[in-house]
Structures are given as C-alpha cells and as structure tokens.
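Single chain ahead, written as structure tokens, the form predicted on its own.
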C-alpha cells in the first residue's frame, strides 16, 4: 500500500491536532506538522509531500506567502494545497486561489471537510 505524505502548516497546536485527527481517519497517509510558513518550507526542502494544508494567519511567514513560494518551486508547483483559515471573505478566498491554492476551507474545522479535501486531491484507492 502506498502512503501519501501530508504536511500541515498551522501555528495553533490545537488546530493542528484537529486536522491530524481528521486525516488519521484516512488510511495510507503519513502526516507531518509545521508551526509556520518558514518551518513548512524547511520540511518541504527536507522531504517530498503529496498534499499541503496551511493556515493563512501565522507568525513569521503566513500561509499566502507559503502558497506563493511553493507554486514558484518547480518541484512543488503541482502539489495540491488546501487553505484552512478564519478568513471567510470572498476576496481572501479569491486571492488564495489566484496564488495557487486548490481548496479553501473556513474555520471552524469540520472533520468531513478536511477528509473530503484530502480524498479529492490525492489519488486514494479507498
């Protein structure tokens, strides 16, 4: 069984735990965590990931900057990115999608939305 690697970039440990909890319900996922955009970039440079979940509002480097940098990296330009954020305004959603995010989920986090996004964006056989 092939395993897909998922990176969660979120500054709130509680939110990261909720996302991990949702994703662990899907078989075949290896989950890594980063606490901001810079930490996320470090993890992306160290190993290959198949899917990225990121918050927008984080210290040091926000999620939109992370999306922009990932999309400009030839090695990651096609890796799906899901934004999970409290920013629910249409202009925020449109900006994130224009930068290259594949999906935009607003908080509060719902387990089914996280799982559905992962299932849509990864070639899972289940």
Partner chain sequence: MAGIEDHHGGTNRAEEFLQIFKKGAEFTQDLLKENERLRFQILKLEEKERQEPGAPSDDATVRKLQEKIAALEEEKAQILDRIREVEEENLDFANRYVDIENENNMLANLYIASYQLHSTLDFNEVLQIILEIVINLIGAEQFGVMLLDEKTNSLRAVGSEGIERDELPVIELGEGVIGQMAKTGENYFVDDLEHYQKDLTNPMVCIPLKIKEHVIGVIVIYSLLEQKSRFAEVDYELFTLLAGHAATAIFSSKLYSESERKLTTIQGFIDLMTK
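Positions refer to the first chain, counted from 1. Small disclaimer: the values here were computed from a predicted structure and weren't measured.
Unshown form predicted together with its partner chain; subsequent notes refer to it.
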- Item | Close approach of residue 98 to its partner chain in the predicted bound form, 4.5 Å, heavy atom | no
- Is there a heavy atom of residue 102 no more than 4.5 Å from a heavy atom of its partner chain in the predicted bound form? no
- Message: Although the partner isn't part of this model, could you tell me whether residue 23 comes within 4.5 Å of its partner chain in the predicted bound form, counting any heavy atom of the residue?
- Response: no
- Message: Please tell me whether any heavy atom belonging to residue 60 falls inside 4.5 Å of a heavy atom of its partner chain, as the geometry stands in the predicted bound form.
- Response: no
- Message: If you apply a 4.5 angstroms heavy atom cut-off, which residues in 4-30 are near its partner chain in the predicted bound form?
- Response: 12, 13, 14, 15, 17, 18, 21, 25
